[in-house]
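Encoded as structure tokens, the following chain is the form predicted on its own, with no partner shown.
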């Protein structure tokens, strides 16, 4: 069996809505396609306090809908035929709760908001016996409110709509916009002008409304009605009064909707739905084409200029960080060597002072411990300072890249000073002035004293022998002096040897660690140079890719724009095909174009 033409067009439009992310339009078309056969749904829409409930009750001659100060349902109320009056509350999970019709208003007031999806009411009316369902919707108001959404949701399945506006004033801008929206999605619309019994100027209002609707291109008749007169006529059984209420014309219009051939009605509704969906979809696609055109114009030039500025800035930063790194490393080498030299010079001064005053024989052991500790401290302090300066240099170079440097600093090769491997100072060969040396030196000195004074005292006028008390005393004095002089000279030689040994050790330490520290600084320089060179190369590559992306993005935008234009042409074709179904009676075509 061949599918009807309207179904093919509707399915194609539905797929287009899904493709372009309009799930709302797709859902609306799906519900139109899957609407149950044998049922005519007639919705009643209007803003608050326009007499919508009174109108429905007057149509049915039964108090079905809430009126006056009674709470208005937040969900649609579907009124169909039933042999006996009945009401059912349908929850969000499709659970059904039967309630008595006379208790319907109180039950609705007791239900928490958001727990119901709709209310079903059955009344024994011949008007409804052919499958007509009247749908009383929540009042339209704030476009963002759930009530408004629930009311407009009716348009996905409505075969005809009664717009309700009272006769106290002409249509407002909001009411006219609502009428235009309803007419876009539903081909059969009537404007019921209510409360004409309370509005002496209702005829002028009705004419004004007809003019406004015609001016807006909305082909909807305006039917003045009065529910109060209808109710009074029903109670009195007065046919003339009933005719004056305006309801017979409205009921005739309703009967015409229910009597339409089902297949013709479905084709017409599908065509209207397709044209409405295609128009909305084309409008959104045109917005995307306009946005893409703006991006491809001034936007692309701005992006390229920004990429060029970033490239120029990167070149300046490269020169800056390379000069900074070279200068700082040179300064660091000089400063570290000077600092180590200054610390060892102070140690040498202490060595000189120590051995100018002390005897190495007595102080060497204590001095050697101090010298090792002083050198270790000097080396470690110098190395710690070197490590801090190296980190500062790394941070200073990283600052040259500004916000583009967003990673951690590299690990620098400064794991330890190596002071734990410092050699101990070697004890020099220190000559001691032992007892035997002192005795021999004393004898040598005393010999000269005895001989000198023995010869003087042995002269004839003194008559003394060579060895006498005087020569012996002089010998003893000379012995003491000789021992003292010899001890002083030996002390000076020991001090000189100790100084020389200690200073040589300090020089060795200075030479060794100044070399190691220089090597460490060069290692820092190489590590920083490699790290920041790699970073600069990455940033340059990123800029190159960005420029390529901008250029490629332009081509991609052109491709997408071309695709969207083809989609607009396709939707315009669907819009035209829907119009050519020939089921939009009495409506002037307005075709879409790309």
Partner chain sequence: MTQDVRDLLHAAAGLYRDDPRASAVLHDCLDRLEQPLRVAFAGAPSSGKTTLAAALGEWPTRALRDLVLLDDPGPADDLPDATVRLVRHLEPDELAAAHPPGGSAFARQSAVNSVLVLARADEVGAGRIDALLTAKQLARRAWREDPLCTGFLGVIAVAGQLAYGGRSLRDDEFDLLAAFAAVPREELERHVLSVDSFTDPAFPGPIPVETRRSLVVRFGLFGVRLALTLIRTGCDDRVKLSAELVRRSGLGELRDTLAGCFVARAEALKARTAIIRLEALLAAQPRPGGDRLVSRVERFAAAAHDFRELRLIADIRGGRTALSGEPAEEAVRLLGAQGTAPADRLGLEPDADPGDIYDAGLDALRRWRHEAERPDRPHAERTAAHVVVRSAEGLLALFA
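None of these values were measured; they are calculated from a predicted model. Numbering follows the first chain given and starts at 1.
Heads up, the form predicted in complex with the partner chain isn't pictured, but that's what we're talking about next.
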Handout entry: 4.5 Å heavy atom contact, residue 318 and the partner chain in the predicted bound form
Key = no
Exercise for the section: Would you check, heavy atoms only and a 4.5 Å threshold, whether residue 310 touches the partner chain in the predicted bound form? Expected result: no
Handout entry: Partner contact for residue 565 in the predicted bound form: the partner chain, 4.5 angstroms, heavy atom
Key = no
Problem - Contact of residue 228 with the partner chain in the predicted bound form (heavy atom, 4.5 Å) - result: yes
Handout entry: Answer range among 519-527, 334-342, 240-248, 117-125 for contact with the partner chain, defined in the predicted bound form as heavy atoms within 4.5 Å
Key = 240-248
Fill in the blank from the handout: The listed residue (515, 362, 203, 306) that reaches within 4.5 Å of the partner chain in the predicted bound form by any heavy atom is 203
Practice task
State the residue from 49, 545, 31, 559 whose non-hydrogen atoms include one within 4.5 Å of the partner chain in the predicted bound form.
Solution key: 49
Exercise for the section: Can you tell me which bits of 131-147 touch the partner chain in the predicted bound form, meaning any heavy atom within 4.5 Å? Expected result: 141, 142, 147
